[in-house]
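A single chain comes next, written as structure tokens; it is the form predicted on its own.
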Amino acid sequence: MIKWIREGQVWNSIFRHGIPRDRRTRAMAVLSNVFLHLHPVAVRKSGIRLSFTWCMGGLTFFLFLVEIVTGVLLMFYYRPVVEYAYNDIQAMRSGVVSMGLLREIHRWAAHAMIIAIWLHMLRVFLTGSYKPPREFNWTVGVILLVLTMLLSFTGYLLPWDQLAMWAITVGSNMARATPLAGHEGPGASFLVIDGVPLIHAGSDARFQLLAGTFVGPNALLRFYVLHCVFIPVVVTVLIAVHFWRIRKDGGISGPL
């Protein structure tokens, strides 16, 4: 019976290769698998030592998955409306025990992800892994670092308490100094048509971030969409590109 199943078309369509026993079968198994083909068939042993990689890249990706799973579950109990946002957070902490645990996992995993991605970038810099032919992947990594910081920033407002509101108020005020995009930033004074400035308090980077001139209901909804949909989708695409470039560049770079 087992032999008949293993020789059937359904089994062979799922498991296209048997157990890899030599270099050729291992290569075929890797190249025909959507998950395994992200990495080269063979890598240098020195390049995957824990003392060299610190495993920070993989740990960052794992924490991102934790954020996705816990975040989706928390979305079932959170409403991005001023009248309910704070009460929903309090209900998670007191009324729904499992959701309180998930929220703490989500919060601490976010802190750990920030630390992990900074350590990953530090390791890449110290080992010279940003040098050709990996300079494009370094750029992708820098963008992912910025987006990770934005994920943490946009999620800070969602509890809708005094700490969150004033922290976002102070943080978003820095957007007024964005070059060419903030009305107090460098170059904004040159963007004038017929004496009317193109960049002002009602159209600059801070206004676009908050969907208004102050932290209010519009800002809460915008931060919710950015935190739960827009930025995670962009991060997911860039992570796929990041992994693909690792594969195309010959795997993890070896020690200098």
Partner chain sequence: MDYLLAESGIDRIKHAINVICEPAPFFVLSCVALGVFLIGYRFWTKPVVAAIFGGGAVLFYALSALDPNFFLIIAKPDNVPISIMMLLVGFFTWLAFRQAAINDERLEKGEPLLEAGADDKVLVWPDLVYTEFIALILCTAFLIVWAIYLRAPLEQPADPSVAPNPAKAPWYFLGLQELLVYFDPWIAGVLLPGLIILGLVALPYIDKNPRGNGYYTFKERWFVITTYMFGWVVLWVVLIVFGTFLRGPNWIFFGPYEFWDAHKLAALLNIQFRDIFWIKALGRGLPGHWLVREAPGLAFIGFWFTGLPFLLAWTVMRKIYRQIGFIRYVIAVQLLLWMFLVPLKMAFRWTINLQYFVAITEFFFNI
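Throughout, rigid core stands for the largest set of C-alpha atoms superposing within 1.5 Å between the two forms. Positions refer to the first chain, counted from 1. Because the structure is a prediction, the values reported are computed rather than measured.
This protein has a second form, the form predicted in complex with its partner chain, left out of what is shown; the following refers to that one.
Proximity of Y77 to its partner chain in the predicted complex falls outside the 4.5 Å heavy atom cutoff. Put simply, R16 is far from its partner chain in the predicted complex: not one heavy atom of it is within 4.5 Å. Although the partner is absent here, A42 sits close enough that one of its heavy atoms falls within 4.5 Å of its partner chain in the predicted complex. In the predicted complex, L63 approaches its partner chain with a heavy atom inside 4.5 Å. Residues of 181-217 placing a heavy atom within 4.5 Å of its partner chain in the predicted complex, in sequence order: H183, E184, G185, P186, G187, S189, F190.
Here I19 counts as shifted, since its C-alpha moves by at least 2 Å between the shown form and the other one after the core is aligned.
Core-superposed comparison between the shown form and the other one: CA of G182 displaced by 2 Å or more.
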